[in-house]
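Let's start with one chain on its own, the form predicted alone, as structure tokens.
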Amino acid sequence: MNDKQIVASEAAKIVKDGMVVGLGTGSTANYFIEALANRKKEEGLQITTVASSTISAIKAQSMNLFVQSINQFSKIDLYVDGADEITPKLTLLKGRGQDLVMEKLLASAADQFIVVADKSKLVSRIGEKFVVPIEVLPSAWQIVKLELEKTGATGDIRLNLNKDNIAITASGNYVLDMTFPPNLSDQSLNSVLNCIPGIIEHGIFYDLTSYVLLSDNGIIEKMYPI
């Protein structure tokens, strides 16, 4: 097994009978879904899952996991997902895909939000390797972009894969992919983005992570905020 499979299998061991479990999106999250389905098959584990994306829901259903809509719940027991960047304080950068709003919703609604990753995701600050995705109302994207530029940010609206039209998220919105000055702390940047009208959600997951399961050449480390 590779590091992603190892850490996903470890996360699946945390799930207990009767839990409502949020399923992330991406390669590591897919391994978690597979490991969870294996536990259900081998142990008769009775769980309900809530998917952060249509593709994760389809995969879960194909592996005989029971999937329900988030609108059936006011909270969930556990959410397991990967991340694009992880700081020492366990602030995350997520949302390079099209399901940012649901991912943030599940992370906020979960009693425990556990991140599964390998060491390549570790950074000293948010935005070190990737742009910060900001999901915006389609009618407000230019207004929001100007407000972001006032903070020193640079970037533009996200285009689709063929670069011939604007990318649309699962929630029907646009995304601004922005780079911010390195002197802005994770907390400050989170606060700024939370206060700009027209922003639906953004990719900074601040003070949401319970802990990180990190795999490095088959060795698993549990990381807590420092």
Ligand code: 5RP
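This is a predicted model, so every value here is computed, not measured. Each residue number is its position in the shown sequence, starting from 1.
Only in words, not in the display: the form predicted in complex with ribulose-5-phosphate (5RP), which the text now covers.
Partner contacts here mean any heavy atom within 4.5 Å of ribulose-5-phosphate (5RP) in the predicted complex, and among 104-112, 145-153, 91-99, 68-76 they occur only in 91-99. In terms of contact with ribulose-5-phosphate (5RP) in the predicted complex, the residue from S27, S171, S191, N165 that brings a heavy atom within 4.5 Å is S27. The shortest heavy atom separation between G127 and ribulose-5-phosphate (5RP) in the predicted complex exceeds 4.5 Å. Remark: A83 counts among the residues lining ribulose-5-phosphate (5RP) in the predicted complex, judged by a heavy atom distance of 4.5 Å or less. Of the residues in 115-130, only K121 comes within 4.5 Å of ribulose-5-phosphate (5RP) in the predicted complex through at least one heavy atom.
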